[in-house]
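Taking the form predicted alone, here's one chain by itself in structure tokens.
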């Protein structure tokens, strides 16, 4: 099928050094040479985002020396890549990389002086990863004879609210992005956009949440009415399970937007959970492709799931590092306002609930949260609750989820899940099924999660599907 406009997103592993960036640029160039207009959206070089978070926290703790060492190492890494990609020492690209590191150093010094890392300054610092990798991609493209121009997310037109660390695009973003990038494309220039970031109405840099480069790419895809958005990864596409846990995991050819959101929510590190939302409204397909095997079709995500009655479940995925928070209090929880205050306390802290279960006698409610949020959750509940309530944490839990649109209306899916778990003596701590019937999730002991994943993958025959492209 001929495409006229593609948005291509390259993740951190496809940007980790000069060789990887050159290969990624060649993938974009392949399409451009075929007469397709391409917008490239890039992540930071692999490991840089975590490095930036580390150095921001070091500065906040007063350790400016280790923050500066980390900046120096990062600077060397970006300079080396620029030189390998053919930039002269006095070129504009090298000058820009030097200036960006200087600005980063000043921002980090400010955090050190104040001993305070606000969400706003964290976003400013952490967005440097993408701001530094975009010029490298532009260099690599020009090395392939393609005229490129790099922009920050804000310059590309992505305007967001001021929810730092997890910002959402404002409705006006789409028109701005169309104007700004459309002009470059019309002039025959390939835009390279720094992913994961936008700016709020005051011009402050915001980030879209971890994995937000996918989100940047789909916002741009919707703005430009792209034919498809391609997310280039270091895997073949979306897999039926984590291949490191399940050796016979396979690529899934087709998924619906809803299925992919469920998978992303339940820990499959495929896409940002909100990445498909801009595409849903316009019906633009998203393709997850392998940079190592560019001719492999990968996984196509669109409006319709493929209805395969023999395989109602598409994938099994797991979230590790989970704690159950059990709230008990005889009779107290029967009162609706008590339950309301419990959820209000959690909402105030902006804590994501993975699962919720309530006993019919109303005397206890169990909540599954990431263990990293457990302390905050306990504090919020103990502070925001009235009455004789006991709040306890049960750590060392994992949530295992099966996902597939084919479960809707198909009997026996839950039975197959539970008997697969029972056959391996896996104890179920909690069960939840959404009314959308796209997933069933269970909380189990973290030590059993790999065994459980393999058993469930086998029980639904997920390793047997023909992996060959249709």
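Treat the numbers as computed from the prediction; the structure is a model and nothing was measured. Numbering follows the first chain given and starts at 1.
We do not show the form predicted in complex with a small molecule, though everything after this point is about it.
Touches the small molecule in the predicted complex: residue 49 (any heavy atom, 4.5 Å)
So residue 49 counts as contacting the small molecule.
Would residue 298 sit within 4.5 Å of the small molecule in the predicted complex, counting heavy atoms only?
Residue-level check for residue 298: no, no contact with the small molecule.
Any non-hydrogen atom of residue 110 within 4.5 angstroms of the small molecule in the predicted complex:
Because no heavy atom of residue 110 falls inside 4.5 Å of the small molecule in the predicted complex, the answer is no.
In the predicted complex, does residue 211 have a heavy atom within 4.5 Å of the small molecule?
Although the small molecule is absent here, residue 211 would touch it in the predicted complex, with heavy atoms inside 4.5 Å.
Using a 4.5 Å heavy atom cut-off, which of 212 to 220, 178 to 186, 153 to 161, 341 to 349 contacts the small molecule in the predicted complex?
Result of the contact check: 212 to 220.
Listed residue that, although the small molecule is not shown, lies within 4.5 Å of it in the predicted complex (heavy atoms), from 44, 40, 59, 402:
Contact residue from the list: 44.
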